[in-house]
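Single chain ahead, written as structure tokens, the form predicted alone.
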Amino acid sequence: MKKLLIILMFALAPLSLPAHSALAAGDGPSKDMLKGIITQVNAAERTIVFQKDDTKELVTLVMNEKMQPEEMKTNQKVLINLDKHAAAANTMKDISIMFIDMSLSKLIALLVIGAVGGLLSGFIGSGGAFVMTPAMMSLGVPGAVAVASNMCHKFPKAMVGAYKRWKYGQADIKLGLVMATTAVVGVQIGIKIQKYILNQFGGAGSNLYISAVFMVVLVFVGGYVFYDAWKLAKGGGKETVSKLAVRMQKINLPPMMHFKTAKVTISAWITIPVGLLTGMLAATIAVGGFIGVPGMIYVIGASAVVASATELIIAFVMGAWGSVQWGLSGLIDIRLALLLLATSLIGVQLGALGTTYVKDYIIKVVMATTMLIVAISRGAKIPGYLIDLDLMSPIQESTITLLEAISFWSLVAALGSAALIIIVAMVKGMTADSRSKKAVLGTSNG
């Protein structure tokens, strides 16, 4: 307990820094980002009357040369970024609708996304955000709102999944809490990064950042996990501790901590960078699991089953903390959070059940396959964001349409392939388990 208290003290110390420090992520949007409603549009003068959400003050804003008056919709809550470098004062740099119109097709899509995301969450330990966040963005949700809403739905789902996996004897509560303390600090840093990008570069900049980080991290981590799963499958499915984890466990840097369920004794300081990166990514792009789970497997030395279960504990703590932080900025769309939660709570229990019937390498195969396909989906969106930011020359409309189609259908493929692999693995595992029990019962009766 003393060792745990020492780690808690060092991990939470940065939270006592002044509010203007880099870790003070609870502040709202900067003065260059406005949240509110357009009340009037003057097409002749290319201006709008905007009511600020916090003070209800009415201000006149000027459209930039790319904006069209007919695109300015009144009585809808929007995010507006001001151009600090424009000649005219109060010139808009970027505008995005905060809360998308909810049609029947979008409602059904969100329920399906929640179900598959929950299935993934319970099975591989990630919150399913590397599917959910891009999926929401594909439906037209601004990047920052998708991240915030996904984090809000995440923590109750993670709590259910963590409890289920703990009941199966898979979750290491002590490891989860130690990782979560440093992950909370990472969440603070990540939210600050996301807000800075949103304030400086607007919605297009935020979308570009999220998509680029998604693509790079998913390709790197997904590729490595897939390679490791392939080696594990060739070796008969028996998981071994990675060479890096073995070296890390040999470092005798007090305080040393023993994690009973994970069957690991390691310096607490080794867990800190893994927790920080998990929290930073969770707050920045609403995804921490695909860093947290591989980190626990390849750096700390936990098995894939224990790592995926323990990550749900971390996700619960991070999700609760991050939701408060994003809530202070008013960027959570509660409709999205509740729709995702409605079906993901069912999916997470099915996913958790599935882990009791499959070998460790199947968990890695599902994680890697989904990551690599989602990387394609996000990569296809990047040219459009670069054009919006004038960082790339415009391309033909047909090419943009093709890239949009690739992004959408690759995301559908990611959802479908993940669900298919998990369901097939569950059915095979349950069938084999049933046959084994019948064989044992037949032998005992004979």
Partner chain sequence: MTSTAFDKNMSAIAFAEAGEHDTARQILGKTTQKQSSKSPAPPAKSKPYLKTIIFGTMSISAYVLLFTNEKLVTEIFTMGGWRWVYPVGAAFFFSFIHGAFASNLLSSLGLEAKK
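Positions refer to the first chain, counted from 1. For the two forms, the rigid core is made up of the largest set of C-alpha atoms that agree within 1.5 Å on superposition. Note that the structure is a prediction, hence the values are computed from the model and not measured.
Keep in mind that the form predicted together with its partner chain is not shown, yet the notes after this line are about it.
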| item | value |
| --- | --- |
| Candidate site F316, L338 and Y357: all three near its partner chain in the predicted bound form by heavy atom within 4.5 Å | yes |
| Listed residue that, although its partner chain is not shown, lies within 4.5 Å of it in the predicted bound form (heavy atoms), from Y227, Y196, F99, W269 | F99 |
| Of T91, T369, S329, S138, the one that lies within 4.5 Å of its partner chain in the predicted bound form (heavy atoms) | S329 |
| Heavy atom contact within 4.5 Å of its partner chain in the predicted bound form, the stretch among 291 to 299, 150 to 158, 253 to 261, 214 to 222 | 150 to 158 |
| Exercise: Q349 in contact with its partner chain in the predicted bound form, heavy atom 4.5 Å | yes |
| Close approach of D388 to its partner chain in the predicted bound form, 4.5 Å, heavy atom | no |
| Touches its partner chain in the predicted bound form: R46 (any heavy atom, 4.5 Å) | no |
| Exercise: Q249 in contact with its partner chain in the predicted bound form, heavy atom 4.5 Å | no |
| Did V264 shift 2 Å or more between this form and the one not shown, C-alpha, core superposed | no |
| Exceeds or equals 2 Å, Cα of Y227 between this form and the one not shown, core fit | no |
| Core-superposed comparison between this form and the one not shown, S329 Cα displacement 2 Å or beyond | yes |
